[in-house]
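As structure tokens, one chain now follows by itself in the form predicted on its own.
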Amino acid sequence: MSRTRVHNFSISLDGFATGEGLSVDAPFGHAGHRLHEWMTATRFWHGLGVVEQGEGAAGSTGADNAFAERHEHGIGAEIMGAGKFGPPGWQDDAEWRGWWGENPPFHTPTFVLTHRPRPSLPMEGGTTFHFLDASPAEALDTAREAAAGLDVRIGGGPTVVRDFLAAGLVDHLHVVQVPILLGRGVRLWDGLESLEQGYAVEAVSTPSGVTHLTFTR
């Protein structure tokens, strides 16, 4: 059976995976992009085409890059929450097509969990967004069928990742602890006491100041 994986999921020292005050102009609220600076410096990120020409070198190739690029391999479908697909209230905007333009970086069937489903949305590059009102287990069954034997990635945000962890549905979890304190927002670990007992846990610190934590069932 295909595995369920989480990759490149950044949290602050106090456990917050996003800040407070999310909006169309502030996708991560007051956290800004501080949680993801380690990744935007990597060659993997530059290779996604999200860095404009002339913004700098081709990106770092060290341990951060090695972890970041694992995000791509062997994935056949993604599941994400409504808060990752758009800002609060996007369900009221029939024209909203996600944050990523016409060619999103997923290139697989991508299932958005929302209590207000809408018709599927085909995009360029192989991504089709499907909108589901489903439990984690139901969504995973649907995504596994679409993945055709490949793995399913749980893309976030923190509430969705936490729900899948609480349901015992995550086989591989890669969390990146970033040395900042946010103080408010949405935390990952709430309600997951003793989660580590079901996983082999490894930690790798890198020169960028982050610590990569991998939980493998």
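Values in this document were obtained by computation on a predicted structure and should not be read as measured data. The first residue of the sequence shown is number 1, and the count goes up from there.
One more form of this protein, predicted together with another copy of the chain, exists but is not displayed; see below.
- Note on the partner interface in the predicted bound form: the residue among H46, H172, R34, R70 having a heavy atom within 4.5 angstroms of another copy of the chain is R34.
- Heavy atoms within 4.5 Å of another copy of the chain in the predicted bound form belong, among the stretches 184-192, 60-68, 36-44, 156-164, to residues of 184-192.
- Another copy of the chain is not drawn, but in the predicted bound form it has no heavy atom within 4.5 Å of T216.
- Contact between I180 and another copy of the chain in the predicted bound form is found at the 4.5 Å heavy atom cutoff.
- At least one heavy atom of V201 is located within 4.5 Å of another copy of the chain in the predicted bound form.
- Heavy atoms of S205 reach within 4.5 Å of another copy of the chain in the predicted bound form, making it an interface residue.
- For the three residues G21, E95 and H107, a heavy atom within 4.5 Å of another copy of the chain turns up in the predicted bound form in no case.
- Taking another copy of the chain as positioned in the predicted bound form, the residues of 1-40 that bring a heavy atom within 4.5 Å of it are, in sequence order, L13, D14, H30, R34.
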